[in-house]
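The chain below stands alone, shown as structure tokens; this is the form predicted alone.
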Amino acid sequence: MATDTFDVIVIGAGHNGLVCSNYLSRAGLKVLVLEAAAQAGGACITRSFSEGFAVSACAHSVSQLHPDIVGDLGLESLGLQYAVKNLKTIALSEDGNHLSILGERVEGAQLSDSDRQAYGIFYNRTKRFAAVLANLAGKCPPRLVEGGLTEKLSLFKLGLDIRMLGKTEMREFMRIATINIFDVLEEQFENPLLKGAISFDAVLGAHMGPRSPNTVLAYIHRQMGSLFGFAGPALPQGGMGTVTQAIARAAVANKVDIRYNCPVKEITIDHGRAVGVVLQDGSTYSAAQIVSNADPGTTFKGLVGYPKLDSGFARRVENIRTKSDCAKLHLTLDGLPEFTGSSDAGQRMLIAPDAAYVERAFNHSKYGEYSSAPAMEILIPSVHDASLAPQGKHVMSIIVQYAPFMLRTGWDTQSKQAFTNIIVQRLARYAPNLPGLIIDSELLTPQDIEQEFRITGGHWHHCELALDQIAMMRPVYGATRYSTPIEGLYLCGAGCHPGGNVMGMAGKNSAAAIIKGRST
């Protein structure tokens, strides 16, 4: 049984944990990262499930990676290259009359001039709203009560950012931020494909339908990527694992000690303070600060244990909404699918014919059922990156809404195959030759995602993005500023401010909070 001592131990080598470790080490701290898997990346990895093919296992595109992190860590010199940037979003129509969206430009699908103009106004308005969130994303969220001068100034700055939108825009922001995207779209647009595409982006990865509250807020949060240089999604050369491998190389260059196949069993608590960790094999490590890149539920319920926490705080953690409705389907193909009416299969494609379709797809999950007509996001990254598939063959990556974490009949081989068949049949309506091209398939249900990537509920945001679980209220009161009720224990994962997606700011902000705490 070995005992090693470090300044900081980071649990988990997902992208936020790696980012956090980089900034801590650059500040002169001795940092150890303990990763349960055999490689860095968490849910942001490239792996194979069919011989000769590689897929981005969970996260499958980049749309919010913060440019400050790319520059600070020199990621481009460490292997981060994009096979393609700024993909168009193609809202597919069965008759081939598709809608194309890139930034503020929208065309096709017999779009009216009024809808085209309305979309330009809508896009630029939501971008201004997103700028308010983006300004806050790079900071530790302020305390709502009992804050010092720094927190009061930060709250004042947030209020000023909202006020600087102007009277009309501020009123509109306050009006729509907490309501549902369905009603907003009905007010502004006529084209069903346009409304379907926007509503899909408002619910992507969430246990929400377009009529659910907070979907406007979720859509605005997603639009932060447009302020970070992403008019559309980007595909890293070599898959998403390229992103985290570059961050891991930066960490090694910054003298971070990363150890793989080291699952943490327990965070050691001594008189209310985190002092170390115990691994599954019994090995122990000590540090002045422990940082968890795991989701809040895993951290507090699994690694700390509720008996060591105040009952009120434990109750709040238990009630964090972490229910995922999102599945991931990988297909290996013996050729390129031919989508009716489109000659470019290399863009981001959506099956969301209208907002009501997305809402109906969500209805099933309320009763523990998978959708009989799911909404989907489709990428064929091998169109741009030949390293992912043998010559002439392709790999397709599909995010599928909706598939409940707790399926009423249970997720087994039979139910997974039945749902896969439904997905393929729906795809065939848009690409009739697809079924005959399929070589192999892999369906990851939310339960599979939970098991493979150690994410409670299979929710890649770690917890729902909603008004009561965002900014200075994320993930719960008592753990909203990266620190926790246990002295010396910090969070740095997607469950923290500013939330999920491959952004990295939760890790960077957490490092800043730890460094500041050590100096006071």
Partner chain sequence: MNLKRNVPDHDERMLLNTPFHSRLQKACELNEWEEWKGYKAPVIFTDLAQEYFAMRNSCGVFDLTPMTKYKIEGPDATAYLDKLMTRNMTKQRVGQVLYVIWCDDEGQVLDDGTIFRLTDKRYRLCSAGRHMDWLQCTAPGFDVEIIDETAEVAALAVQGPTSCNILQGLGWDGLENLKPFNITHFQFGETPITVSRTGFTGDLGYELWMPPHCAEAFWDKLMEAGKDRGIMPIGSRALDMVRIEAGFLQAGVDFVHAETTVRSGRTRSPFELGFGWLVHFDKAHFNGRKALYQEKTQGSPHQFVKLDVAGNRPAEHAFIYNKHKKAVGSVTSAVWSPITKTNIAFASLETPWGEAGTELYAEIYFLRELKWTREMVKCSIVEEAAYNPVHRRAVPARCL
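Everything numeric here is computed off the predicted structure, so don't read it as measured data. Residue numbers count along the first chain shown, from 1.
Keep in mind that the form predicted together with the partner chain is missing from the display, and what follows is about it.
Contact with the partner chain in the model of the complex, defined as a heavy atom within 4.5 Å, holds for exactly one of 315, 259, 116, 426, namely 315. A single residue from the set 127, 384, 366, 308 has any heavy atom within 4.5 angstroms of the partner chain in the model of the complex; that residue is 308.
Taking the partner from elsewhere, residue 484 is found to have a heavy atom lying within 4.5 Å of the partner chain in the model of the complex. The partner chain is not shown here, but in the model of the complex it comes within 4.5 Å of a heavy atom of residue 271. Heavy atoms within 4.5 Å of the partner chain in the model of the complex are found in exactly one of 26-34, 49-57, 461-469, 484-492, that being 484-492.
Taking a 4.5 Å heavy atom cutoff to the partner chain in the model of the complex, none of the residues in 336-353 make contact.
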